[in-house]
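For reference, the chain that follows is the form predicted on its own, supplied as structure tokens.
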Amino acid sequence: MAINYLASISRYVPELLSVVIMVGLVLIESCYDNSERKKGFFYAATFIGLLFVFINLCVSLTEAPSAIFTNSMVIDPFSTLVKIIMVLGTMAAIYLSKESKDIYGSLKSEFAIMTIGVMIGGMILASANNLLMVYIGIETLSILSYALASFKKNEERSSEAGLKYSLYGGISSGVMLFGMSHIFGMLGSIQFPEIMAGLYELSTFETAVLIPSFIMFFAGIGYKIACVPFHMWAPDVYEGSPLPVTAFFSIVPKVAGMAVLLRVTMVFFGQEGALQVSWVGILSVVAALTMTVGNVSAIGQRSVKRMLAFSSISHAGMMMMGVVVVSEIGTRSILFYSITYLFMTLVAFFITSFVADKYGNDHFERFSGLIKRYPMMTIMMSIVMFSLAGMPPLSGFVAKFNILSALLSEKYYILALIAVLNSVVSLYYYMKIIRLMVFREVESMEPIVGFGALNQSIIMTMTVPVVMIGIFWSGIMHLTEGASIFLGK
């Protein structure tokens, strides 16, 4: 037993290291005086620590999958690649918070500590192999997110965002827990492999009784990825939260939620039968509605941040299309999409954040004539907008093409058509910001402080993968080929 436990610990190093970093940062922060604004050692420790986590995850990508801690967690290439995406998103969000004026100076270090806590919750979700670990992961991720949403405590909208997030989160967690308890009552286990084995021994009547329980279970996951009808919190929370928080929410919780949804689908509903048909039917409708509602709602937005919030909802719908396929092709497509989505979202939010810091808001008009002042930033933003819309030869196009290819391989022609039509709709609001940056007269020639040489270099560096992955996409697809989901023992 001791040997097995020690072996489990050895496969759980990234998560344990993240916990050590979080606790260490709390101790470092407590040593700073209120007058010390820069906190250089704090941020150095943060980035060095997360870099070690990133390296450890990259090294473990080639290791054989295994179940640890009495089969409650699974360490496989799929979960490891998802964690790498989350670590990169967390590092970028922490750097953005350091540079942004949208977070109070006294709370910047707290932001870093809390985001690492949320990342740990996401890591638990990515590796969860039983219902209890799913619940612990969601709650770890959610509770700290409620505080992050209301970081601007002196502003009413931020307080409202935190309150809405916590109310929706509490209700969805309760509904999910009720569904989990019914699943346990019917099948007598919380372990994924045992539930999978028990599902196909049920009678038709028992299966019909159990389907509502899985729908309630899906409520908790759907709330994290902001899919319809669990998306109502997202636009207000994203708009009321500080911009670095919004950027973080758009990546880490969403990718974590998508990972657990994909694992649950592949484990529980991987075999053909009435359960798979019911689950896939529900996901198909939800995915189509999520894409459509997100894109249509984004059209009339005045705030770029709110537009990106609705855009992230539509991208969640697109990734759910890959889940519907219930195959390794769909898994690879979602992983590829997540990698490209990470860089596209970060560039969009970095540029939006620095513009908002200058003018005090992120309305579309603030971007007018940006090409005359910062041509490179205009080019980077345009590349990302084209990529988000799915224009070739950028990575966003390849990501959407892979999803469509997976759908067509399983003959989901209607879903593929809906996805194409939604991409056409999204082109309108993405092009709107490009039109303002390029063709409108500039409002002011005053410099934007955030667009210093270092920040512009970082933004350009993050834009490079958006272009290069679209051209040399086969390398990333080869990386995702080995990232299969391990079903446990």
Partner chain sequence: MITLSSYLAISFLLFVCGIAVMIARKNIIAILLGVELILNSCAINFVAYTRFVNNNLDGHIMSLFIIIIAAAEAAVGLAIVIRFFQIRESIHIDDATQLLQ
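Computed from a prediction, not measured in an experiment: that's the story for all the values here. Residue numbers count along the first chain shown, from 1.
Quick note: we don't show the form predicted together with its partner chain, though the next part is all about it.
*Asks:* Counting heavy atoms only and using a 4.5 Å cut-off, do Leu388, Leu417 and Val466 all touch its partner chain in the model of the complex?
*Replies:* Not one of the three qualifies.
*Asks:* Work out which of Lys108, Arg373, Arg366, Arg306 lies within 4.5 Å of its partner chain in the model of the complex, going by heavy atoms.
*Replies:* Answer to the contact question: Arg306.
*Asks:* Counting any non-hydrogen atom inside 4.5 Å, which residue from Leu199, Ile113, Ile143, Met91 sits next to its partner chain in the model of the complex?
*Replies:* Here the answer is residue option Ile143.
*Asks:* Any of the heavy atoms of Glu272 lying within 4.5 Å of its partner chain in the model of the complex?
*Replies:* No, no contact at 4.5 Å.
*Asks:* Should Leu289 be counted as a contact of its partner chain in the model of the complex, where contact means heavy atoms within 4.5 Å?
*Replies:* No, no contact at 4.5 Å.
*Asks:* Classify Met180 as contacting or not contacting its partner chain in the model of the complex by the rule of any non-hydrogen atom within 4.5 angstroms, answering yes or no.
*Replies:* Within the cut-off, so yes.
*Asks:* Just checking whether Leu167 would be counted as a contact of its partner chain in the model of the complex - the rule being heavy atoms within 4.5 angstroms.
*Replies:* Yes, Leu167 sits close enough to its partner chain in the model of the complex that at least one of its heavy atoms falls within 4.5 Å.
*Asks:* Tell me, please, which stretch of 182 to 190, 255 to 263, 325 to 333, 341 to 349 lies within 4.5 angstroms of its partner chain in the model of the complex when heavy atoms are compared?
*Replies:* Among the listed stretches, the partner-contacting one is 182 to 190.
*Asks:* Need the contact residues for 199 to 217: heavy atom within 4.5 Å of its partner chain in the model of the complex, sequence order, or none if there are none.
*Replies:* The stretch touches the partner through Met216 alone.
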